[in-house]
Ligand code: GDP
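One chain is shown next in structure tokens, namely the form predicted alone.
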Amino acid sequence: MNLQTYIRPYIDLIDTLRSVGIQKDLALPTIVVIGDQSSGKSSVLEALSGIALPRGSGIVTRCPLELRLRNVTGGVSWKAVLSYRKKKIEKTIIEFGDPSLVEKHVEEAQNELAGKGVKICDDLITLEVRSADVCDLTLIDLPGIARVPVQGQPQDIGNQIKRLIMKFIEKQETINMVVVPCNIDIATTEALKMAQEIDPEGIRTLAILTKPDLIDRGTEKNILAVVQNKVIPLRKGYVMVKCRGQQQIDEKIPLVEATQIERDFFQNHDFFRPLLDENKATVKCLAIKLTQDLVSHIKKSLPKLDEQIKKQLWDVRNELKECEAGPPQDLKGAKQFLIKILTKFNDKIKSLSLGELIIEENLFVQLRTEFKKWNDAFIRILFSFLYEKKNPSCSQQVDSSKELSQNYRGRELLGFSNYRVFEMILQDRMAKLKEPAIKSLNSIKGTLTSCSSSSQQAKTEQRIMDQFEMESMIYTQDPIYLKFLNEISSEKFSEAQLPVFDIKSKYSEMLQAYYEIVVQRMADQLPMLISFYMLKETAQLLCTDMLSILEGANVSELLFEDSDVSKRRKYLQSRLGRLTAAQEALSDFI
């Protein structure tokens, strides 16, 4: 097995995982490139990739740039694919076959994400390059560390960049590739300080020394000691490179020629020549080392990665069980889902209206309590005069016969009866019942707010008022009246005696008999009106309205959800998709 065949699957695996977005859920093995401004970062990446990336003074890299290098053979021409996603907008993908367009497309992508100017952005840009002249490698380039903001930059630009860098390098799965110029004191570079802060033992830090041709005479031994890991020890060590300088770029010296110039530089250098034999110099050596380090890092990370994915899959599936299933995405499935939901809703409404659905907070239990209050108020008002009469300690005792003969006597001579007086007393008592009836209705409205519409509530109130108007007519069937009267009176009456028993001494009993008829009638009538108009009829109207929705309905609009449960479900479904795809990709390696 050649090296490329061995390396490629592991790098492709991580690229696949990143493509499905699994990095949103867990950290992936990767190499990130950090360095102070003008450290030579872009030159190193250019030498590794064979393409010209944006260059210049100040902040050139303004968004994280994932550089995927794919070595292809068999006469395949150079090809690149640049992609990025702005917020939640559909991903932008640009394919091109001209290397000279890389700089233009990267700059345009950065302007789209971070805005034109010198601001930075956390959004990732991915550039995949397929060529016979590159190694198999993936790394992420981050903005250079700035100390002093230039015109147009926020005052805290330095902190913004450090925050972005820290977001990547603090993860244990990341290899930190720190680019440091040879012509400055390595211990003072901000990039290396940041790497040491989160990786004090230097276990996952690799330093790249650039610009060896610019060092002062007499400092060569000091630089050599750094590369040989004698000054600031790093487990992954140091590699020195000499990339194209600005003059070589202006003269358009090809990278292939620049590679030979670099090797000649080290070969002819009195102090740095030994680095070639130690595999610690040249871009070619760096490319091999990076690839080997990344693959080794990936292999070590896979068992832990697999364990994390399995655990998160378990957690996500359990959380999804707590969310009700959402609507299907396809139109046919969505319509069937809507029909099912409406049918289920209608069945539930009918069951609620009929008192058949037994739930923890049973609707009819609450209504029955309110209906009892109404019945109690009804009896209390209707029989208040009877209670007063029967209570000898009451200072306001009322003798009904006397009251009729004195307070309600009309133009009739003494001893004659007047039915109108009887009727007026009853009507007066009935009028006093309106207030507790409305109070009871208003209380029940609160209980049924989610079940009945305001129009149905108004209709119910009108029907109750109509019922009181009808009660003012004072009517009941003779047999019914006689039945109640006989239950109250010590004497027994029949229709044959009418109107013989119409004597004032019996008026109190006659009033009570009719009151009890009204009690039985009205005590049931108000609950029945409420149950019919505010429950049953509302349920029927709702069912009709629900079914009419299907006619010419925009199913997508009807099923659109903006609730917290919906957002949670979509988030979990998205995670489930990513984790499932990641598990499938890992299955061939575990």
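Note that the structure is predicted; figures quoted are calculated from it, not measured. One-based numbering along the sequence shown.
Not on display, but discussed next: the form predicted in complex with guanosine-5'-diphosphate (GDP).
Engineer: Report whether all of 11, 49 and 288 sit within 4.5 Å of guanosine-5'-diphosphate (GDP) in the model of the complex, measuring from non-hydrogen atoms.
Structural biologist: Not a single residue of the candidate spot has a heavy atom within 4.5 Å of guanosine-5'-diphosphate (GDP) in the model of the complex.
Engineer: Could you work out which of 241, 127, 464, 161 is the residue within 4.5 angstroms of guanosine-5'-diphosphate (GDP) in the model of the complex, going by heavy atoms?
Structural biologist: Only one listed residue qualifies here, and that residue is 241.
Engineer: Thinking of guanosine-5'-diphosphate (GDP) in the model of the complex, which stretch from 102 to 110, 116 to 124, 465 to 473, 206 to 214 has heavy atoms inside 4.5 Å of it?
Structural biologist: Only one stretch passes the 4.5 Å heavy-atom test: 206 to 214.
Engineer: Going by a heavy atom distance of 4.5 Å, is residue 477 a contact of guanosine-5'-diphosphate (GDP) in the model of the complex?
Structural biologist: The answer is no: residue 477 has no heavy atom within 4.5 Å of guanosine-5'-diphosphate (GDP).
Engineer: How about residue 426 - does it come within 4.5 Å of guanosine-5'-diphosphate (GDP) in the model of the complex, if we only consider non-hydrogen atoms?
Structural biologist: Residue 426 lies outside the contact set for guanosine-5'-diphosphate (GDP).
Engineer: Taking heavy atoms only, is residue 64 within 4.5 angstroms of guanosine-5'-diphosphate (GDP) in the model of the complex?
Structural biologist: Answer no; every heavy atom of residue 64 is more than 4.5 Å from guanosine-5'-diphosphate (GDP) in the model of the complex.
Engineer: Just to confirm, residue 525 within 4.5 Å of guanosine-5'-diphosphate (GDP) in the model of the complex by heavy atoms?
Structural biologist: Outside the cut-off, so no.
Engineer: Who in 216 to 239 is close to guanosine-5'-diphosphate (GDP) in the model of the complex, meaning a heavy atom within 4.5 Å?
Structural biologist: None of them.
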